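Included below are structure tokens for two forms of one protein chain, each presented in isolation as structure 1 and structure 2.
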Structure 1
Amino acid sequence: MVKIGLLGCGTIGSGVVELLGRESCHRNGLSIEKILVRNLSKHNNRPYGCKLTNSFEDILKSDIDIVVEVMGGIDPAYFYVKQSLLKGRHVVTANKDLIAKFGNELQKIARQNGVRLLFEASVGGGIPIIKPLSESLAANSISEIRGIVNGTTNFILSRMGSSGMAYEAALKEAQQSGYAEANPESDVMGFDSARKLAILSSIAFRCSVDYEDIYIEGINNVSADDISLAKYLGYSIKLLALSRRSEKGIMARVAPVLLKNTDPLAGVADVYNSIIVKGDAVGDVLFFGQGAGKLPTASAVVGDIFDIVRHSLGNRNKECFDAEELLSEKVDMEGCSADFFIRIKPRSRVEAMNKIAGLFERFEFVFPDRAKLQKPVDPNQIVFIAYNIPEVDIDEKIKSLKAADAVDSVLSVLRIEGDD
């Protein structure tokens, strides 16, 4: 019998309990022995069939084989996971914050103590992506990862695209539907996606990518006008997590971008996630599925448990971070260029257009047919696409636009991705 200690029994934890209660798990000898919860009385009437405790020491002193952490956050999860590894317990976690910040350190502790730390559920919910990156694609040199890795923002942008509603209305609908938290900052500001991108990039590029070094923009400034004009031009707007490795180093960013409707990621709707990995041998590989939710995420957690049961008893100690100690590598936007979709509100239309012509070497004004727009946009605004602008230069160019007497305000600055 393989004994499991579960840390946390919220949405994901209850999903793990449900899946481990299935006959197939019993046949494989999996049993939850204890569950750590904050409030015992809240769970007393639930049929877990095991002991509940509010003391981590009760978990640590038990003869548990695998500790499953689904509490989320850093504190106290970091302490609990570290102590479990030091005590020689295998650990499975769904905690992206923890792995993005301390994954390398915790993997080193796991190696030193002859146990494993697995975290398939930390990225992409129920989508298998960690194991394929670290195992199935191990023969490849990975040059690029790009994907939609946050269901909340994808739902919001999908609703804005399908209905023409404003960002605030779409966010409210996401909250009412249970897809967005009461405080949605981590999702809508791009922090959640950046942590996931850091995990994927560290595994794919075999180096330590710190999520704090990733360039981040959220979707909070994307407007219904942006959505309407993008659709008119044949694009969809998505919050794209992107990392590329070249001879110059690593570029990594999370930002809302315009994707051509022919791009495989452009059609990913609602709370679904999708990730494309580019390898030198295999080419592009697409992963798609439910990126969050009780049972999809619990499915990935239980998959890791099965992996440990099937392989670790024979001292097979696979690691996603496979270097003895991953080296940090510089992550920045230097040397990278992009095309930009820009909207401004002018004071003087002619003078503002002359200013644009002086600032941007290659650009194209957009004069939309108002009858073909999803919703009306202000006809007085100026819309243009600036081509091949170095990332390190765009901020200064936008500052110059904002400072121009002929320009009242800069309404939007959005990258265009994958339109070569």
Structure 2
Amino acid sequence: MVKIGLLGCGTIGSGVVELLGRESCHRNGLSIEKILVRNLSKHNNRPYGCKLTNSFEDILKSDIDIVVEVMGGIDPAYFYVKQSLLKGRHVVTANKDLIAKFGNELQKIARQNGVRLLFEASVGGGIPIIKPLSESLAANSISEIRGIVNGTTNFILSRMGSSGMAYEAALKEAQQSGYAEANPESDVMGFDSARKLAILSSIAFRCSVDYEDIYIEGINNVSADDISLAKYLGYSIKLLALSRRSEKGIMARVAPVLLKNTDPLAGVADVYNSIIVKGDAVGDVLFFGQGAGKLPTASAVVGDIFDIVRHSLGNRNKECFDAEELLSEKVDMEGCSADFFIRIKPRSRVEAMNKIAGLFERFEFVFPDRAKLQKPVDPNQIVFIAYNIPEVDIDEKIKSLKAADAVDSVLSVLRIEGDD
């Protein structure tokens, strides 16, 4: 059994409770022993299935393996995390303020006490970025990090751009969705992005980047006119966190910028975050995902818990494909359906269309507008989209099409993927 002490049970904390209640967590023996909350009476009706306490001492003297800090802020999180490490507890935290300011000191204490301090959730919400940067890309010399690392500001700028929503209304929506900081000034003035950039840059450049040295501009001066003119010119406005390392040293900046619409970061909308890391061996690597919110952030927190369980708590070197843990589910296409783009060359156009109508329940013929085509297509073909075809049926249907007298040949059968 791996005993967890949770510090805080707000938006992220309740997400962690939810994910730790999943079967895979039970199977790995993860269980929440105690939850520290500020106000016990506020949590009376929530059935967490474990003890609540308002005393940190109570957590510290319990038999706990991993302390998970999701309270945010510096005080008292700094004290709690430090004490936990000194007491020999592994710590997982989502707290970027804490890591940006005291990360070095706390990591040192963790090392001295033979425990680990993991903080994947502190940058990019649910996106795995800390571990890839510090482990998977370790062979590289990283020269640049470019990213959108604040969900709230990206949400605001996206809403203002796509629906003409006013700044205040977009901010309110972000707050209601649990994305914004308690004091959203930290988001909109760029401080939150700067802290995250400091954490990423410190890991990538293997040096201590202080967020107070980062040049910061917020989005508070970006107007609706800026956004619509940028759009007209083929740009999107994004709050970009950028750091570069060259012979001259390290530059780090957070500021709203116009990004050409062809830039991969320009299409990153709403609460999504994306980070591009440039390594000398690997080239550019793009990370993308939800950068804030209850379950995405909790996903990163629980990922760190698994890391500790697998590599530091007696399960050392447990591999991803551990035979004991593999599920017995088989892989097959049964039950799956897809939409298909199909082109055929008919012998008799009308009869072939009738054949298609008989074979497919939901379908649509495509009659391309020649003027809009990049290249003229052979007019002697039938193009159609067949919807929701069970994967187990598609081969038979295509065989039947091919066998029909009215059909000369089937030219292509391609699946259509992505949101409608």
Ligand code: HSE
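Numbers follow structure 1, counted from its first residue as 1. So that the term is clear: the rigid core is the largest set of C-alpha atoms that superpose within 1.5 Å between two forms. The model shown is predicted, which means the values in this text are computed figures rather than measured ones.
Q: Have a look at both and say which one is the form predicted together with L-homoserine.
A: Number 2 is right.
Q: Is there a C-alpha shift of 2 Å or more at Glu168 between the two structures once the rigid core is superposed?
A: After core superposition, the C-alpha of Glu168 moves 2 Å or more between the two structures.
Q: Examine Arg27 after superposing the rigid core and state whether its CA is displaced by 2 Å or more between the two structures.
A: No, its C-alpha moves less than 2 Å.
Q: Quick one: core overlaid, is Ala139 moving 2 Å or more at the Cα between the two structures?
A: After core superposition, the displacement of the Ala139 C-alpha between the two structures stays below 2 Å, so no.
Q: What is the Cα shift of Glu181 between the two structures once the core is superposed, in angstrom?
A: That residue's C-alpha is offset by 5.4 Å.
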